[in-house]
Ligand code: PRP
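Quick heads-up: it's one chain on its own, the form predicted on its own, in structure tokens.
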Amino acid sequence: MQREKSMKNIIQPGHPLIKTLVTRLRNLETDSYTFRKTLSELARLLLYEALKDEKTEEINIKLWSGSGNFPYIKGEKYVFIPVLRAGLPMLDGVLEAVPEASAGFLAIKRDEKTLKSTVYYDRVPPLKGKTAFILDPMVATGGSLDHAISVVKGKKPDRIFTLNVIGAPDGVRRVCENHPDITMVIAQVDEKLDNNGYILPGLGDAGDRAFNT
């Protein structure tokens, strides 16, 4: 695991499989179905990293040989919130890992000229007493994720994590510095943004590539 020295609240796993999956996303020959499945798998791996120190509870289960008490993470305390539309494929992966969890949805539009973000759809359930996971594959300028975190904070969850695939240094820094009380788990921080606010080398528009638009 690697951490940015100036940002204690970012986790960047260095696992070779995660790097391989990111490379698959970068490849323009990757079709939309494989792109979505890869986002889903990456989300699951990032969730594993986020929850590696999570406390378990003992539950009693039936066994072939009787019954017994065993450790278990109770997923009812988690809410997964994809940022539409690129975050949708990530939801499948995390819900497969924690099927008892709930889901909410945020849609955020970025003005391509000003790069400012606005929320135009908010279907996030009550978060009091919950742990919220914001799913957003791309952190370019950081504006959309910054805005999403502020919206989720307004619903008073106990903790907030973000699961992200690719980020630019300035965007990642903006989010982590503006929200030092959250934890960002990100697969790869790339080199920079271009003049249009796109990540380089990046992987293109994740929403377009995931849904063939």
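This one's a predicted model, so the numbers in the text were calculated from it and none came from an experiment. The first residue of the shown sequence is 1; numbering continues from there.
Quick note: we don't show the form predicted together with this ligand, though the next part is all about it.
Residues within 4.5 angstroms of this ligand in the model of the complex, judged by any non-hydrogen atom, belong to 141-149 and to none of the other stretches in 179-187, 141-149, 38-46, 24-32. For the options Ala97, Leu91, Ile108, Ile73, the one in contact with this ligand in the model of the complex, meaning a heavy atom within 4.5 Å, is Ile108.
Proximity to this ligand in the model of the complex, defined as a heavy atom within 4.5 Å, singles out one entry of Ala101, Ile134, Ala86, Val124, which is Ala86.
When contacts are judged by a 4.5 Å heavy atom cut-off, Asp205 counts as touching this ligand in the model of the complex.
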